[in-house]
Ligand code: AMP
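The chain below stands alone and is given in structure tokens; this is the form predicted alone.
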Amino acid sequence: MSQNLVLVLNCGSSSLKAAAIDYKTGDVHFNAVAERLNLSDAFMTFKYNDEKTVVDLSAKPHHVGAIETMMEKLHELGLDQNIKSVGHRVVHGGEFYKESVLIDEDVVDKVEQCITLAPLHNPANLVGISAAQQVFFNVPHVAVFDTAFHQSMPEKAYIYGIPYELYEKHGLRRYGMHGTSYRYVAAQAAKMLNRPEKGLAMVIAHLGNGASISAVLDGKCCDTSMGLTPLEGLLMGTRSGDVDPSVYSFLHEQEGWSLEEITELLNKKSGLLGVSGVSNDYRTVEAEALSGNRRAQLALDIFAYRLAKYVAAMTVATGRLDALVFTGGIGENSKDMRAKMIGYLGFLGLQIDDQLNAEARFGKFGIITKSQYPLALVIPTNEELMIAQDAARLAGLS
């Protein structure tokens, strides 16, 4: 049994995901997912040695209860004494953090200060930190920020065209998300290409229910699509991506909707779901399009077209393109989306290899284009391993 385990926690407002990972080998020894937290029918699912167990959390349907239940399960399995550190995914670190940090009172205070920038995510992250510290009180805790990777962007990339005083007063700027994924995938792409990250110009597309794209040069982010919040940028599962800001005043005047109602519409009822009228799940929308659903096909067309436009735009930030990298659930598995999107980018020298593209699915990865350079790659992301390695390093374990 591994003695090198780090517990990785990802706390949402009504959920908790956890994994016990060997930070040296990357092996996952234990998984836990708590769902419907703060509701009477909360439950938790454990996976260990390919066996699943579901536990009722109705007696303590909150984050602390979930973590206590998980601790009991880890103890039952004999894994609890092997947890050497806890790594926490924290969505927003504002301009405070350019890298992962050991959690202390000052870190908690700064994460609280960033709640206005991530009102749905940071409060849940703080609840998870507090709950985990109560249970795992004798090991170091580390915060790994989604925004940290993007702090290398130059001002010209992150400052909005609004009065500068609003940036100075409120931190109103582009921050970006999915940074932990980008950091992992950028390093893996360099290894796959047998090149150092320094000197390598990449555009990386993290495509899932939440989707974003980043320009990465010399291993550092120089531009990204998500902005102050995760709403900006690409079309996503339920998020609209880029829209004219005047949509707010238009819908208020024409429909009588409030600011909150319009924000919810753009975040939770738009994107693939809003255009297709079917689902926010890309797989479902693909299936509907194949059956002849016109709106489903339109949603897929918009997704690929906007993604291609952003790829071209991101090459302005890198100055050239050595590699286009796909990751995330959609990026890793939808061969048709990749082929359609690359079809728009022939002017960059990209040419899809149909066989290689078809093979790169369900955990298989590699080059999917015929061209020498630039190349297109598929690389499965592993944010949990990145968090585990950061937590081990900062805890002095590696």
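From a predicted model like this one, the values you see are computed outputs, not experimental measurements. Residue numbers here begin at 1 and follow the sequence given.
What comes next is about the form predicted together with adenosine monophosphate, which does not appear here.
Visitor: Looking in the predicted bound form, is adenosine monophosphate within 4.5 Å of a heavy atom from each of G12, S15 and A34?
Guide: Contact check failed for every one of G12, S15 and A34.
Visitor: Partner absent here, but in the predicted bound form, which of 316-324, 127-135, 73-81, 208-216 has residues with a heavy atom within 4.5 Å of adenosine monophosphate?
Guide: That would be stretch 208-216.
Visitor: Applying a 4.5 Å heavy atom distance criterion, does E286 contact adenosine monophosphate in the predicted bound form?
Guide: E286: contacts adenosine monophosphate in the predicted bound form.
Visitor: At the 4.5 Å heavy atom threshold, is I330 in contact with adenosine monophosphate in the predicted bound form?
Guide: Residue-level check for I330: yes, a contact with adenosine monophosphate.
Visitor: In the predicted bound form, is there a heavy atom of adenosine monophosphate that lies within 4.5 Å of any heavy atom of Y282, even though the partner is absent here?
Guide: Yes, Y282 sits close enough to adenosine monophosphate in the predicted bound form that at least one of its heavy atoms falls within 4.5 Å.
Visitor: Are any of the heavy atoms in N357 no more than 4.5 Å from a heavy atom of adenosine monophosphate in the predicted bound form?
Guide: Contact check for N357: no, nothing within 4.5 Å of adenosine monophosphate in the predicted bound form.
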